[in-house]
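There is one chain below, alone, in structure tokens, taken in the form predicted alone.
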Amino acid sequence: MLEVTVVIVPNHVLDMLKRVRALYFQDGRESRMLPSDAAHAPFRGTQSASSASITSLWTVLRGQGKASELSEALLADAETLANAEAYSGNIENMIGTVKVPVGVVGPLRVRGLHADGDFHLPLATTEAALVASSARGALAATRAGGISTAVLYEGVLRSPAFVFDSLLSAGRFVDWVVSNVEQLKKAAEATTSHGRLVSLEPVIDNNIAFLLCRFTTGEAAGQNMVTIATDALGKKAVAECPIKPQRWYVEGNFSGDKKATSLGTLTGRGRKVSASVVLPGEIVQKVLRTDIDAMLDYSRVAGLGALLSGQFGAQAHYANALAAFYIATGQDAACVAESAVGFTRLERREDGLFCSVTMPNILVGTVGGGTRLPSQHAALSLVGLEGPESAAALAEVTAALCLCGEISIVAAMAAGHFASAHHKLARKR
């Protein structure tokens, strides 16, 4: 009888192992991967930025053979050196600035609870076709009368964790916290002029107690604000509560900070915004070069793909617009990890194609963080939002921008233009 060998390891795994094995035994790499106690060149950084500190660090880098004069000239240009002190509160070991091309999308008409007007939005990106695609979506939405937006909920989470010797101790601690929440709130809010503790929800996992602390943060995105406030709250609880934890942490990794989570998808972190527009069939045909039925057909397939892949939410590419807009306007770009969560919907209505996004984790501000840096401040000023309610308005504009991207990419996929557009715009380089 003929024996048949059944290979149960996938071929791509076998190929990968073959490649790794060949590399491992090549040129002594097996020993190269072991720990090394060889001396390394010392490098002393700086916590503040100045023209002198930047020049000093480049001298060290060149002395160690790690940099060229051309690299220094491009990163530490004259304008950067002249404005170096402006960056001191945002970076350590500063050696220069990177120039990212900035495109503009607009006018985008937004008709929201907070944002109202025709906006021009700066996008800092190296991805060809992104600005053009967003601009096409903005044109379609604006010709349809604009995008309706609303901030539905607000609050930045921080989740301190307290470790006790037993479930009983954790429960007694939570009981004390609930009974003394006002003094904890007072301790937290004493650290900030703008932050307010609006919710404190205890969660117990046996001997560990988490406190889900939700803050409003005024016109700032508020990440540092809520960390400092939560630290004060935690210290107050530990000092005053008779049930002492063995140890505690200002963040127990429960809040969803810079991560896509189920908690963030359901309850939000930052500002939850919904945005929508109805596109008449004529606009879909003339601006988007497709039709409503084709967009709905693709939307159903994309929704299934999102479900099968286990997305948090269901959307096409929020991260593209978010990253470009966050970088341009001085937001915390790492927050894209949680902001790029939400739900895109397309439905047929009597008057056209209803398109919407609901995004629970938009973290933006018009003050603080990187918004005060020279280029970022200039880009943010182009948006034209400042003063009371400006951060809420910026969140609504952000959601509207993402909706434009969703509309355009769905249309491109439905019409079969996605690859050709990238070939046309990205292959120029």
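Everything quoted here is computed from the prediction, not taken from an experiment. Heads up: residue numbers just count along the shown sequence, starting at 1.
Another form exists, predicted together with a further copy of the same chain; not displayed. Remarks below refer to it.
Engineer: Quick one: of Cys241, Ile283, Leu200, Leu81, which gets a non-hydrogen atom within 4.5 angstroms of a further copy of the same chain in the predicted complex?
Structural biologist: Answer to the contact question: Leu200.
Engineer: With heavy atoms only and a cut-off of 4.5 Å, decide whether Arg289 touches a further copy of the same chain in the predicted complex.
Structural biologist: Answer no; every heavy atom of Arg289 is more than 4.5 Å from a further copy of the same chain in the predicted complex.
Engineer: Verify the contact flag for Val156: yes if a non-hydrogen atom of it lies within 4.5 Å of a non-hydrogen atom of a further copy of the same chain in the predicted complex, no if not.
Structural biologist: No, Val156 is distant from the partner.
Engineer: Heavy atom to heavy atom, is Ser53 within 4.5 Å of a further copy of the same chain in the predicted complex?
Structural biologist: No, no contact at 4.5 Å.
Engineer: Given that the partner is absent here, does Gly365 sit within 4.5 Å of a further copy of the same chain in the predicted complex, heavy atoms only?
Structural biologist: Gly365: no contact with a further copy of the same chain in the predicted complex.
Engineer: If we check a further copy of the same chain in the predicted complex, which of the residues in 234-258 reach within 4.5 angstroms of it by a non-hydrogen atom?
Structural biologist: Residues within 4.5 Å: Arg247, Tyr249, Val250, Glu251, Gly252, Asn253, Phe254, Asp257, Lys258.
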